[in-house]
Every structure is written in structure tokens, then in C-alpha cells.
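Just the one chain here, the form predicted alone, laid out as C-alpha cells.
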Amino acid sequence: MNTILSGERIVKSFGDGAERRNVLDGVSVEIRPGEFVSIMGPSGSGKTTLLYSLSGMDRVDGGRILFEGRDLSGMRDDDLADLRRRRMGFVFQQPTLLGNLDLLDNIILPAVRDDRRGTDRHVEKARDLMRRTGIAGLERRSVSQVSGGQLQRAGICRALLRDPAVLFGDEPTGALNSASAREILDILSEVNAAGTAVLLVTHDAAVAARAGRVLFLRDGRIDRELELGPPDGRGLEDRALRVSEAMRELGI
């Protein structure tokens, strides 16, 4: 199978001595190029830990992570951070934008830190992304002058600025109202349709329904996989019902 990202028998533990427990207990997963995968599970099942482990943000205690054929466990911290900046994008529930910068500068900041000579190019790309995500004209607004949905769009622009191979999302719609959440999901679906793999942690069946495949975690293991087929934007209600049914069967 052609994969862009894989985890092989991942183990991640927290605590010491008798309190030590495996949050991830031998998890294996493969993500194909351009695939949209959602991760679901009850609280404490290891969803976010799996996302952070696969992205190299957390070091694992056992197993290995392969990204584009490179073993992340064998990389130095500086090299790993550089790989994340150049080849991965991240969208979180609360956008991590700096209050002393306007939206445009927030979007280009990570790229400019690495490549100051390319500032004009980054600005042009950022403006194009802002147009595509519906926030053109807000370039010089501060983070306190825009809505939560607009902040999340700016976070998506920053995540996409360097054309990542994989976009990681940790509950990216969790703090938004239903209308803003749908708009953000539409953007993520468009990003995925353009060829970027998306790996999304969510507790919401409607969000998971956008994916082609859903992984259900329980007690640090993948309990079940649900194949939904290509996320073409049609039949979302039926797809969400299938996810909800699986959640009920698993007691989520």
C-alpha cells in the first residue's frame, strides 16, 4: 500500500512507577497520500496523543513513525521541527495566533522565519489563501478584531502556506458555532480534494462524516475502522448517521 504516513505498533506512556499507563498500546495505522481520515473515541482513548505522535510533536516510547519514508524516531529535534514546518500543517481548536501581529503577519510568520528572502512570495501566497478561505480584506485586522471563524480561517491559511503533504487537525471546529464549523469543514474538504492528506481528531459525527475513513480508538488501541468512501461532499447526512451508529455500538 502506498502510504505517506504510518505508525507501526506505537506505544506512548504517561506517569511513573505504579501510575504508569500506556495511552497508546501498540497502535498501527497507515495514511495514504490525499486521504481524509478522522480519529474518534471516548475521552482518554488516546486520540490527541495519536495525532501528536504521528506528527512528531510527541516522541513515542515504542514502535516507529514513518513520514514520507523517514523514521521520525531517529531524527534530531531541530530536524524534526524543520520537517514539520516544511511538510506538515496544523490546525487546532484554538488558533495559536499572536496578539501583537495582524492576520497577514501571523499567517506568514513561520515561513518568513525560515526564508526571509522569500517574504514577497509568502505574502502573495498568503493573500491568495485568504481570498480562497473568505477572509480577503482582513489582512491588517488584529486577532481581537475578527470572529472565531475568521481566526480559524487564518490558522488554516498559515497551515497551508507551504503546501504541506499532511494537514493535522485537533478538534478544529470544536469552538465554533454550527455555521462557522460547516464553512471550515468545507475548506478542509477542498484542501483534501486538491491533494493534501487530512488527519482530523473529532468527537462530532458530522465532522467525521467528511472523511473517507474513520478510526475509532478505545483504551489506546484501534477498536474499529469505518470505511465511508470518497468524501465527495454528497450524502453527508447518511454518512454522519453511519458514524453515529458506529459510535453507539462502541459506547462512545
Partner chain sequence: MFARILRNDLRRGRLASLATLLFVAAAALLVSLAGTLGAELSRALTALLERATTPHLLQMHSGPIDLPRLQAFAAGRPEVEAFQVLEFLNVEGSAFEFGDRTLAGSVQDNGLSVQGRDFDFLLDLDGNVARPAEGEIFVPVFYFKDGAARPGDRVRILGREFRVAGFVRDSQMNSALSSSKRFLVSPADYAALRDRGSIESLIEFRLRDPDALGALEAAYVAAGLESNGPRVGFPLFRMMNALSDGLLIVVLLFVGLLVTLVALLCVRFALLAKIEEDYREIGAMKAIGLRVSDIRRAYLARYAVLAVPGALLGWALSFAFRGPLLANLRLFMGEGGAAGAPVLGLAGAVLVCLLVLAYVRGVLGRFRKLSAAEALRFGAPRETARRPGRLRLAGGLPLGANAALGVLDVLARKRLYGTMLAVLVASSFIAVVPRNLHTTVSAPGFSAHLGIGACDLRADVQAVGDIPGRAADIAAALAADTEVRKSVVLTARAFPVRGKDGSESSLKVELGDHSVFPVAYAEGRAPRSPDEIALSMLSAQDLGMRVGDRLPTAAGGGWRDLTVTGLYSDVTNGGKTAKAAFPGGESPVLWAVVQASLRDPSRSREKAEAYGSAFPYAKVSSLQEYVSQTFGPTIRAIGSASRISLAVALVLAALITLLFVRMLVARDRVSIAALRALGFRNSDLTRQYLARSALVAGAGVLAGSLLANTLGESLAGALISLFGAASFEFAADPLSAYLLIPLAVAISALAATAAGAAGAGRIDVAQTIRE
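Values in this document were obtained by computation on a predicted structure and should not be read as measured data. Numbering follows the first chain given and starts at 1.
Quick note: we don't show the form predicted in complex with its partner chain, though the next part is all about it.
Novice: Would you say all of Met57, Asp82 and Thr96 touch its partner chain in the predicted bound form, counting a heavy atom within 4.5 Å as a touch?
Specialist: Heavy-atom distance to its partner chain in the predicted bound form: all three under 4.5 Å.
Novice: Ok, Ala165, Val112, Met75, Val146: which has a heavy atom sitting within 4.5 Å of its partner chain in the predicted bound form?
Specialist: Contact check passes for Val112.
Novice: Counting any non-hydrogen atom inside 4.5 Å, which residue from Ile135, Leu160, Ile108, Leu176 sits next to its partner chain in the predicted bound form?
Specialist: Looking at Ile135, Leu160, Ile108, Leu176 one by one, just Ile108 meets the 4.5 Å heavy-atom criterion.
Novice: Name the stretch, out of 146-154, 119-127, 67-75, 177-185, where some heavy atom lies within 4.5 Å of its partner chain in the predicted bound form.
Specialist: Result of the contact check: 119-127.
Novice: For Asn192, is any heavy atom within 4.5 Å of its partner chain in the predicted bound form, or not?
Specialist: Contact with its partner chain, no.
Novice: Quick check on Thr49: any heavy atom within 4.5 Å of its partner chain in the predicted bound form?
Specialist: Close contact exists here: in the predicted bound form, Thr49 approaches its partner chain to within 4.5 Å, heavy atoms only.
Novice: Hey, in the predicted bound form, is Arg131 touching its partner chain, heavy atoms inside 4.5 Å?
Specialist: Outside the cut-off, so no.
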